[in-house]
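Next comes just one chain, in C-alpha cells: the form predicted on its own.
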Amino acid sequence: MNKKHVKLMISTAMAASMVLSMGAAVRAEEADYSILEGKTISFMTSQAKFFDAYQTMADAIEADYGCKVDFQVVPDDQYTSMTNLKLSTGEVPDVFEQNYPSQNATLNVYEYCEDLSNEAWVSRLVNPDMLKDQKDGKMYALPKESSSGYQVVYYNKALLESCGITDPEPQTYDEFLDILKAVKENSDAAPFLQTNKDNWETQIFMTGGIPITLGDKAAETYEKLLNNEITWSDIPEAEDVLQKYIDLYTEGYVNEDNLSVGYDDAAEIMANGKAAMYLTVDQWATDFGKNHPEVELGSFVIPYGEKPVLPTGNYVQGLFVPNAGSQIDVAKAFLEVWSMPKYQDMYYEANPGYPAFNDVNGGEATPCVQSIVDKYITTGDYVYEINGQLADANGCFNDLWNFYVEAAAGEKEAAAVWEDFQAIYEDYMEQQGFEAFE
C-alpha cells in the first residue's frame, strides 16, 4: 500500500467521521428535550467518583432544561454492594456511575441495564471500540473519559531531590528499590505511601504487576483460569509479584499507619512531605495538582519486567440506565444533554484530562499525567490490568483484595493468599453458572 492510498483512506475516514459528528449534532439540535422539563433525575455515584463539577453541570442543565439532578453519593466501601442490591431488587436510581466496561459482567448489565448503542452521542466517541461489551458488542453506558486508570508512582519532586534523586526513571525493579532505599536513608518520610484502608488501592500493585510479569503468557493464562484448567497457585508470576509487595513492608519502605489511612488522606500526606511516593491512578494526581499547586509531582511506572510498561485499566467511568427505572426515556434524554460540549467542558475546565467525546475541550492535563500518556499510551507500551481481563470473575475479587491487605499486615503469606482465594474463586464461578466449574 503506497502513501497516496493511505492518505486517501485517512481523508475518507475523516470525512465520514465529520459527517457522523455533524449528523449527531443535527439530531441533538433537533431533539425535543421538553421531556426533561419539571423532572428530577436520581443520579447515584460513590464518594471517589463524585466531583464538584458535577453539581456545576447539574445547575446549568436545570437552568437550561428545567431538570433537577438529585445526587445520591454513597461511601466507597458500600457502593458496589449497594449497586448490586438495587439492581437485583429493582429499587434503582435513574442513572448510576460505575467502571465501564470492566464491571459489565459483575453488574449483569445484560439483564439489568439499557442498551445505549443507538444513542446519538455514540457517534461522537473518541474510543468507541474499547467501550463495546466483549460479549455482545453493545454499548451500555455513557463514558466520561476516553481512557483512564493509569497505574503510576507519583512522587514529591522536592523531597526526592533532597535525597539526591532527580527525575527518576527506573528501568529495572532493582532500580526502583534503590530509590526507596535512598529515601529511607536520607529522609524521615515514608518512601512508599500505601492507603490500605481502601483495599482497591492495595490491589493496584498486583493487578498491574501480574500481567506485566506474565508477558506473552498472559492471554493463555487468563483463558486457562476461566476454563478451570489451572489454579491461581499454578501461576508463579502471581506469587512473585505479591511477594515483592510484601517485601516492601518487611523492608520498612511503607508507612506504618497504612491500615488506617485511605485514598482521601493521601494528598495531605504527600503535600506535607510525610511520604515520598504513592502508587495510584491518574485522577488522584489531577486532583492533587489542583488542590496543592505549591507541590510539584513527578511520575514513573514500576518496572516489573524487562523494561518499564504501563499497567492501565481498560475502563472509564460510565453512566448506566437501569431498565427497571421509572423514567427511562427521561434518563436517556438527560444523558444526551449531559454529553453535550457545553456541560462536559465545565467538568474538564475544573478537571483537565482526556474527554470521551471528540468535540469536548479536555483542557491542559496535569504535566505528570501527560508525560505518562506521551511515554506509554501514545506509544502502545501498556498492558491492561488483570481485573479487566478477568471481568467474569470480578464479583469475587474484593475477597482477594482483602487477602492482599492481610498479607501486607503480615497475617498471610503469599502462597496462602492464592490457595485461600482459589476456593472462593471456584465457588463464585460455579454460582455464576460457568460449565467448567460445575
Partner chain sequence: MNQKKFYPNYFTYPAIVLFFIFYCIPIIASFVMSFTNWNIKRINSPKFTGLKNFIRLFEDDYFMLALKNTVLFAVATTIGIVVLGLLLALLLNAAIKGKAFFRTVFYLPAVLSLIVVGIMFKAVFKLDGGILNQILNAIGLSGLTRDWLGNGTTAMWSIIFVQVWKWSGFAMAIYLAGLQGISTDYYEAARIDGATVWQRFRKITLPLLAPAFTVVITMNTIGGFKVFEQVYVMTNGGPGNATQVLNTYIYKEFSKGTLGRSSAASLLLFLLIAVIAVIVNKALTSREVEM
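Positions refer to the first chain, counted from 1. It should be emphasised that the depicted structure is a prediction, and the values quoted were computed from it without experimental measurement.
What follows is about the form predicted in complex with its partner chain, which we do not show.
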Exercise for the section: Indicate whether its partner chain has at least one heavy atom within 4.5 Å of a heavy atom of Thr89 in the model of the complex. Expected result: yes
Handout entry: Ile424: touches its partner chain in the model of the complex, heavy atom cutoff 4.5 angstroms
Key = yes
Exercise for the section: Classify Glu111 as contacting or not contacting its partner chain in the model of the complex by the rule of any non-hydrogen atom within 4.5 angstroms, answering yes or no. Expected result: yes
Exercise for the section: Examine Asp216 and determine whether its closest non-hydrogen atom to its partner chain in the model of the complex is within 4.5 angstroms. Expected result: no
Exercise for the section: Could you spot which one of Leu85, Val73, Ile328, Ile230 gets a heavy atom to within 4.5 Å of its partner chain in the model of the complex? Expected result: Leu85
Practice task
Using heavy atoms only and a 4.5 Å cut-off, determine which of Glu237, Asp257, Asp345, Glu336 is in contact with its partner chain in the model of the complex.
Solution key: Asp257
Completion exercise
Within 4.5 Å of its partner chain in the model of the complex, heavy atom basis, the matching stretch of 63-71, 398-406, 32-40, 50-58 is 398-406
Exercise for the section: Just give me the residues of 334-367, first to last, that have a heavy atom within 4.5 Å of its partner chain in the model of the complex. Expected result: none
